[in-house]
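Quick setup: one chain, the form predicted on its own, written in structure tokens, and binding and motion questions come after.
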Amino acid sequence: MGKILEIKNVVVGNEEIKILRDISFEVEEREIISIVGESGCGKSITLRTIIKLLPQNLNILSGKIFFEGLEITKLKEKEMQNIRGKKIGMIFQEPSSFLNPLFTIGNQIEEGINEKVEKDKKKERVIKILEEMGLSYNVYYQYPHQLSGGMQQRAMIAMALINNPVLLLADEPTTALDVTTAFGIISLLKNLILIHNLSIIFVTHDISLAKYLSDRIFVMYAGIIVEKGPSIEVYNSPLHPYTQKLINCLPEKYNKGEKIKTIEGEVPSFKNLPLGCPFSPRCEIKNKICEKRIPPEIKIGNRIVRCFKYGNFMES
């Protein structure tokens, strides 16, 4: 398999703050990767950086992004419109916020078709993809308020896939859904890899969900990827103290009646980041060097970790 996406040393921010710092990773064809971390770690900004839909006060300050071998960091907005929505699709957390209540689902999906197609052909195409999403023919004629949250999310996925993209960006698409409905969405995403020959970047705060869905997990904290590697390895033998604490918070790790642990402290504000490792204020094994500089990437087997615990860096 070849690379569909390659991100090299990307920094995103402005003169006052840096949101993403030295972000590097690759996505292979027909691969699902998950970006995991607490709220405020930069996960959603990572997705928006890929499609160059950043807030007005943020810019890509340095680094490069290659999509299908093309450096898209150099493209102008008009050129990006030939990629965004066509070759790269995106689904969001709250489908009700992105579906227009005044138009039917069929009308909204049809509007997203970029090529010139006859009306009847458009309808056929939309109904076919709705059926792939597990939705009935009638959904074509229904309005968003007539659908459940799970059905709305399936309609949003249909909208993201109507132009047959090769990369799908999923920004916590199961957050507002109950467990059963969320599992259905996750199963659907896994099937879409085969049906549409897709690669998926899935953003979530749930590392257990990421293990089930993805081939690889990237753990993000305060705008830095602190650990990345095969999902099962990251979940079963986490290297970074932050990854370890995320897993220790999972309810399935406890017996009935046991108190679930939490991670003490908060994710730092991007306006007030620690000088060294961003996790050092919450880390129980930190050393002096951890408060002085950000750890480099250290390769351990199939894994990459940013922690001074590994290598010959520790100071007393």
Partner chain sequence: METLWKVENLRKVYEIKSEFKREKIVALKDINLEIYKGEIFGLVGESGSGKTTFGKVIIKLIEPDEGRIIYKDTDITNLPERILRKYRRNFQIIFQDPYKSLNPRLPCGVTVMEGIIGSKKEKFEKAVEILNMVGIKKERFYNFPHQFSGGERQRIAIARALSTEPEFIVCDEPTSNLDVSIQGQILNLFIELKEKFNLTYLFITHNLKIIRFLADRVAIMYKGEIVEIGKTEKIFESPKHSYTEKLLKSEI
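Numbering follows the first chain given and starts at 1. Keep in mind that what you see is a predicted model, and the values were worked out from it rather than measured.
Here the subject shifts to the form predicted in complex with the partner chain, a form of this protein not shown in this document.
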Original post:
Just one of 125 to 133, 162 to 170, 193 to 201, 175 to 183 has heavy atoms within 4.5 Å of the partner chain in the model of the complex; which?
Top reply: 175 to 183
Original post:
Would G69 count as a contact of the partner chain in the model of the complex, using a 4.5 angstroms cut-off between non-hydrogen atoms?
Top reply: no
**OP:** With heavy atoms only and a cut-off of 4.5 Å, decide whether T73 touches the partner chain in the model of the complex.
**Re:** no
Original post:
Going by a heavy atom distance of 4.5 Å, is N272 a contact of the partner chain in the model of the complex?
Top reply: no
Subject >> Partner proximity in the model of the complex: S208 to the partner chain, non-hydrogen atom cutoff 4.5 Å >> reply: yes
**OP:** Scan 26 to 55 and note down the residues that get a heavy atom within 4.5 Å of the partner chain in the model of the complex; none is a fine answer too.
**Re:** E38, S39
